[in-house]
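In the block that follows, a single chain appears as C-alpha cells, in the form predicted on its own.
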C-alpha cells in the first residue's frame, strides 16, 4: 500500500498512448493524488478519445506543441517510440518542461549525447523510466549491499582454512551480479520483434547491474538472438562482472526476474521483487518479503510463495473463464514510486530517481550489447561514449 503525502497536484501530460502508457502509466498517474492528468497526446485519435473519457482527461491533441505551450503543465511523460525522443526533449527543454521518458532513453549513441547535452544545458528536471530503482525490494537490497561494503567482516561461521597463510585477494572487492530474466514472447506485441527483447527490455536490467556494481563498464560481450534468447557479459573497471541471461521462450507462471549479488563473502538474492534472501552478513535476516500490489489473490503466503500461489490461481481462472488477459500477483516494480519521486524532484524536494547520466550508461551498454551480438565478439565501452562532450 502506497502512503503518498498529498500536496497540490502537478499537472501531467502524456505523449504517446500505446501499450505501456495505456496499461501502466496513465492508470498510475490517474490514481496518484499528487498528480493530475491534464493532457493526452497521440497521433491516433481513437485511443486519445477513449482514454480521455475513461480517465476524465480534459485536453487531447495530436500535436505535442499544444501541451508544451500550456503554462499549467508541470510534467511531461514521454512514452513514444525511442526514435522520436530527441526532438521532443529538445522542444520540452525550450519550454522549460520537466520530462519523464520511457526506456530506452535513445536508440543511437549520437542521440544519447544530444539528450545529455540538452538536459545539462537546460537544467530541466529529467527522469528515465528505469522504475526498478524505486521498487522497495531493490532499494532495500541496495541498502544491504552498502552496509556490507562499509563493514565487510568475515562472519564467524565461515570456514577459513588458511587465514594466516594467504595474501589479501584483490578479487574480494569485486562485485558479481547474476541476473536471470524469464519471459514469454507470446505476451509481446508484434512490433517488438523488429527491435528485439534486447533493446526493449535490457536497459532495465543493465541499469540494475550498474546500480549494484557502481563502477564504470569497460567491455561488453553478448551472444544469442537479440530478438529472443541471449546472454550479456559486462566487465567493469575494477574487475566486477555482470552476467545477464534473458529467454523469451519461457513462461510467466514462473517468476520473471532473479538477481544474485556476491561481494566479499556475502550473497544477496532478489526474487521477482517479492523477496530478498541474504547470506554471509552477520545481523541481516535470511529472508525479507515485500507485498504485491494485487489485492485479488486469496492467500496468506508471502514472498515468492505468494507468487507461486498467485500463478496457480491465474491458471485456474484462465481455464475457467478463457480470459487470457487475467494475471494475478503483480510485484511492486516501483512504477508508482518512480513517478512520485520524480514529482518530489520537480517540487525541489529530492533528486530524480534516475538521472540522464545514469540512464545514458545503461543505454550505451544496451547498444554495445546489440553490436557485440551482431559481431560475435566483445566490444569496448569507452569513457567518450559514457560521458560524451558535444560541442
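What you see is a predicted model, and the numbers here were worked out from it, not measured in a lab. Numbering follows the first chain given and starts at 1.
Another form exists, predicted together with a small molecule; not displayed. Remarks below refer to it.
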Q) Among 175, 210, 292, 131, which has any heavy atom within 4.5 Å of the small molecule in the predicted bound form? A) 131
Q) Which of these residues, 272, 263, 97, 204, gets a heavy atom within 4.5 Å of the small molecule in the predicted bound form? A) 204
Q) Looking in the predicted bound form, any heavy atom of residue 9 within 4.5 Å of the small molecule? A) no
Q: Could you confirm whether residue 43 comes within 4.5 Å of the small molecule in the predicted bound form, counting heavy atoms only?
A: yes
Q) Would residue 151 show up as a contact with the small molecule in the predicted bound form if we use heavy atoms at 4.5 Å? A) no
**Q.** the small molecule contact at residue 20 in the predicted bound form, heavy atom, 4.5 Å
**A.** yes
Q: Determine which one of 140-148, 100-108, 300-308, 241-249 lies within 4.5 Å of the small molecule in the predicted bound form, judging by heavy atom distances; exactly one does.
A: 100-108
